[in-house]
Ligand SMILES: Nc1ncnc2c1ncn2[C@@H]1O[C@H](COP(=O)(O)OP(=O)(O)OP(=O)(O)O)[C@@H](O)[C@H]1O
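Only one chain is included here, represented as structure tokens and corresponding to the form predicted alone.
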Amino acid sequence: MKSERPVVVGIDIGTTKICTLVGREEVSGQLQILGVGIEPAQGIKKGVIVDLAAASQAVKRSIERAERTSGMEINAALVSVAGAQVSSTNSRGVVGVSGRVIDQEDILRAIESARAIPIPHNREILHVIHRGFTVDGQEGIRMPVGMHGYRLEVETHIITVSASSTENLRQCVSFSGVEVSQFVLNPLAAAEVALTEAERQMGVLLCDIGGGTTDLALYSEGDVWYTAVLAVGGNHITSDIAQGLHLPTSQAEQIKIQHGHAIQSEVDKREMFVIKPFGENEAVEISRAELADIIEARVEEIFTLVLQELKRSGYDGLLPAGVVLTGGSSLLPGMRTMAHRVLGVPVRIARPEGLLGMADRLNSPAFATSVGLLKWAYLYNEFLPLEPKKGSFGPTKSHQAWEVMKEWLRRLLP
């Protein structure tokens, strides 16, 4: 009998929503969604937990909903990480080749050498991303296994995160009796469903605009070259609307979704809608163009900050494939046009595609990270397997297949 692929679980803990997904990859490569648990986030601001009790309850409700819809008990999951507590740096590792022919042990020693960088005691390494190897001075080598040489170098991009932030996330999830198998940076997870291989090779920026943060990951020559997290997102647009029109935040969010537009010139000035501001006894009419004026200023600022971050990285000229937008805020009309106007490169909006099962609500840019966590688990399942057993999920051991290891080394090292 054909053995089934393992079932995996991802928990996307965002500023506005908590999304727990249970899924299995089919032989065709499509994801079968077996369980979904979506709950409004509480106790989280700009990707950081500010109220542990409230956040734990929200995560617990999301997990319980996913368990009910899947009919299984969850006890291990991959969890997303975002927020301004994320930072990155570049490092190079150098080792001598032990047997004149490079093997996997030499590669691992080189990567361990690159990892040996001084970091503050309150930070920990989240990902080590290799960007190419050099053998005896010859650069640009993708996979040096089997090559002859005496000196092996690896250039890496190392992402670090606040240790206290990850511990708070771990505690949130463990409150529901679920173990964190691995933390995954938001834009890296979203990239697994948003980017094509051609875009990764040519040079592309993934821009995940969430509620509290805008997460960036720049890919070139198939690998991640740069990552950053900006502490601005869709909630700032909502806040501007609430202050500009003197509305409660909940009503401002609803108006943004129903009537919002990122470019004022594309809105008919005759279009009106009704609101009831603070201090008014009766509803008043507001022009949609007035709302768009408020939104446009903030959206332009977000993409200006993205452009500044690109220039700071030095890779702003490496984007022939342009920018790919994901995240709930990318659904706002006019976002793609504004991004193209400010960044001056091709822009498209990506959403998860080819999903099976309980996927009605997931075909949206807002769930790119959530679905990407499941994809991530299968890319590295030799190291992070989650197998269903007697109605529960838990980590199991598996053989270290070198073919899988090569793919792991080729793309990203968790």
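This one's a predicted model, so the numbers in the text were calculated from it and none came from an experiment. Note that residue numbering begins at 1 and tracks the sequence as displayed.
Omitted from view is the form predicted together with this ligand, to which the following refers.
Q: For the three residues G35, P352 and L362, verify that every one has a non-hydrogen atom within 4.5 Å of this ligand in the predicted bound form; reply yes or no.
A: No, none of the three is in contact.
Q: Of the listed stretches (298 to 306, 211 to 219, 161 to 169, 338 to 346), which one has a non-hydrogen atom within 4.5 Å of this ligand in the predicted bound form?
A: In short, 211 to 219.
Q: Pick from H130, H127, K256, R288: which residue has any heavy atom within 4.5 angstroms of this ligand in the predicted bound form?
A: Selected residue: K256.
Q: Heavy atom within 4.5 Å of this ligand in the predicted bound form: which of V224, A242, L332, A321?
A: Selected option: L332.
Q: Using a 4.5 angstroms cut-off on non-hydrogen atoms, would G327 count as touching this ligand in the predicted bound form?
A: Yes - in the predicted bound form, heavy atoms of G327 and this ligand come within 4.5 Å of each other.
Q: Would G47 count as touching this ligand in the predicted bound form under a 4.5 Å heavy atom rule?
A: The answer is yes: G47 has a heavy atom within 4.5 Å of this ligand.
Q: Contact with this ligand in the predicted bound form for K17, defined as at least one heavy atom pair within 4.5 Å: yes or no?
A: Yes, K17 is a contact residue.
Q: Can any non-hydrogen atom of A366 be found within 4.5 angstroms of this ligand in the predicted bound form?
A: Judged by the heavy-atom cut-off of 4.5 Å, A366 is in contact with this ligand in the predicted bound form.
Q: Using a 4.5 Å heavy atom cutoff, which residues in 64 to 81 contact this ligand in the predicted bound form? It's fine if the answer is none.
A: Contacts from 64 to 81: none.
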